[in-house]
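Quick heads-up: it's one chain on its own, the form predicted alone, in structure tokens.
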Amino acid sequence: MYIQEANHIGIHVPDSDDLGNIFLENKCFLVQEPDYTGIIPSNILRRMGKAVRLGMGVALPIIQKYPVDAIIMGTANGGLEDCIKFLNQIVEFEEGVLTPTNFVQSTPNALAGQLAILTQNHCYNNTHTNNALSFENALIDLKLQFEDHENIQNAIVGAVDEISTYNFTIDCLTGIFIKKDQVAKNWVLENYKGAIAGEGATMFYLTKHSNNTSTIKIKAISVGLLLDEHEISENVKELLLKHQLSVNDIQFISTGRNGDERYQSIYDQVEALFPNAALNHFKSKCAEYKTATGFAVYEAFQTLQKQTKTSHYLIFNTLNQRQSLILIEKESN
């Protein structure tokens, strides 16, 4: 699968002391939404929930430029804010006459459906909601479609998640996120029991074959569940061996280190496997959300575009006892 184009809407983490003030206001990092004028029709925009709005904002500029044979989304929470609003309406109006907007926007597949409707696209359309592996499973889905269906030659694949008051509160109670009054400038390297919450939307235009505009390939995706540190390290080695690579063939390693002390030893062990690779912590720029690996691939795409020779970029993430590896290759021109 070759990445032809990528688009992202995300948070802004400043490199100054304003970091603590921004976090103190919301207890999480929220995206900076762009002006959607000229992207999303205004009569539709005002009825959209945040997750759908973000997804449309990154998808439409791409999908309007290229032919699309498949639309595949990955989202852990979907439009949860609208879902809760709808459930509250059921109670408030005693299961009487309800407005349909919140219900329509609340389902996880609302984004993929809206894209299909607005662009009159009747192609393969699917949404994966697999917690911290939602985006990875969207990529695996496309890989299978490319292998099994000759008529699918290109696709748009996305990763979208929003922070709503409801899921943020629940995730704080379960220990995924934290509510600290202050965070340090280098917050991603701090040892907390929990991570700093973020949100974002990333979209990719992927093709089955290479062309003159891109030689950046998603070479492999590997996912795991409930693996211990030894098994994770073995998975990394097996992935490289399968593709006839050694640790010295990896020029860039990006991990989901998020400041949560419970995951530090895992990241230490994986990062130690690649002493000669340039190291990046992608969540220092997007914070923690369950489809943050979409942003990691976006970063990899930006980095590899600047390379002039064959290069390999490995992404490793773990969250909620779910692990993933994504290997990306820049082929020499």
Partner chain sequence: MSQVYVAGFGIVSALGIGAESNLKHLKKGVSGIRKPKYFHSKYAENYHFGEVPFSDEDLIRHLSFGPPENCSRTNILAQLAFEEAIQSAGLSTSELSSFRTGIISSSTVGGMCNTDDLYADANEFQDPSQFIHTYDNANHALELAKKFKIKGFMDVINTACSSSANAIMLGTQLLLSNQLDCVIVGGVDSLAKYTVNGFNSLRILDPAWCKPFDESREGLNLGEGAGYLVLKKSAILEKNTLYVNGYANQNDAFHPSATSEEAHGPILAMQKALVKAELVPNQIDYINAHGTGTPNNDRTELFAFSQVFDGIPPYSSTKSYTGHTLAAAGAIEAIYSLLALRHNETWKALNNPTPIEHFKAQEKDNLQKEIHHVMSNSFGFGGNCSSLIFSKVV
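Residue numbers count along the first chain shown, from 1. Just so it is clear, the structure is predicted and the values come from calculations on it, not from any experiment.
There is also a form predicted together with the partner chain; it is not shown, and the following applies to it.
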Non-hydrogen atom contact I218 with the partner chain in the predicted bound form at 4.5 angstroms: no
4.5 Å heavy atom contact, P108 to the partner chain in the predicted bound form: yes
Contact test in the predicted bound form: N191 vs the partner chain, heavy atoms, 4.5 Å: no
In the predicted bound form, A116 touching the partner chain (heavy atom, 4.5 Å): yes
Residue (of S233, N88, Q153, S210) lying close to the partner chain in the predicted bound form, criterion heavy atoms within 4.5 Å: N88
